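Coming up is one lone chain in structure tokens, specifically the form predicted on its own.
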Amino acid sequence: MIFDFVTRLKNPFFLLVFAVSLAACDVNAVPRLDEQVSASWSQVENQYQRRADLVPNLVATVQGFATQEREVLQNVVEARAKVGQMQIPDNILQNPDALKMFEQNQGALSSALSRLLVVAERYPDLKSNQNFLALQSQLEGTENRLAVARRDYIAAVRDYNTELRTIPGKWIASVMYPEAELKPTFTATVENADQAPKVNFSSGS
């Protein structure tokens, strides 16, 4: 297809039409949207890292009031470790398999945190602990920001991929940005992975 397009460019009339079309189009749309995807992804990573940073203090606080919940606590610790140990490749936005693995690890941590917070409901002293309440508030805020960051990333990828798959963006990319490729987006890999952990602790049981 690209060869045929280049061949047509040798035709003066087609070249003139193409030049006029470029003038009327946003020839910088592809790199601009690519940068938007990268910026959105950075926010996703930042919020996931913020959440991971909260986990050690959260586990330590819960453990102080619920030492018998060893399995639940261990699941959170192990899920957090997998997130921290994962080597994120530089080309993750062009690597669907790497993005899927990233999602799976983050989804596992989301599930483990959800179970931990459910367990916390059984301990009134824990639910009234000031340190726990502060961590709960930070986690809730982080989950909300993470949901927004994921939404913005999905929207950025949609705009970028649409530009590459529709005319005239498809034509412009084939000539000016041949290295541009479609990018993967998020998909739910864990049951209820798209839902933030419930962190609304009531005074009742």
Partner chain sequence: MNGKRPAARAFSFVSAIVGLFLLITPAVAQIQFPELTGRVVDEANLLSDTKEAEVTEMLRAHESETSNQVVVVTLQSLQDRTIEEYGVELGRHWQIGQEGRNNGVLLLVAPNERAMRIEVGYGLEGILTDAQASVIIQNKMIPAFRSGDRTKGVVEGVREILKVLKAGPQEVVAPPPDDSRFPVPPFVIFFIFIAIIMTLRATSVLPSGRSQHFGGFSSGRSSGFSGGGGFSGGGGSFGGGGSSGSW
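Positions refer to the first chain, counted from 1. Owing to the predicted nature of the structure, the values given are computational and were not obtained by experimental measurement.
Quick note: we don't show the form predicted together with its partner chain, though the next part is all about it.
In the predicted complex, every residue of the candidate spot (137, 144 and 151) has a heavy atom lying within 4.5 Å of its partner chain. Exactly one of the stretches 81-89, 116-124, 129-137, 94-102 approaches its partner chain in the predicted complex with heavy atoms within 4.5 Å, and it is 129-137.
Interface membership of residue 170, defined by any non-hydrogen atom within 4.5 Å of its partner chain in the predicted complex, is ruled out.
Its partner chain in the predicted complex is not approached by residue 32, whose heavy atoms all lie more than 4.5 angstroms from it. Taking its partner chain as it sits in the predicted complex, the stretch 45-61 comes within 4.5 angstroms of it through a non-hydrogen atom at just one residue, 50.
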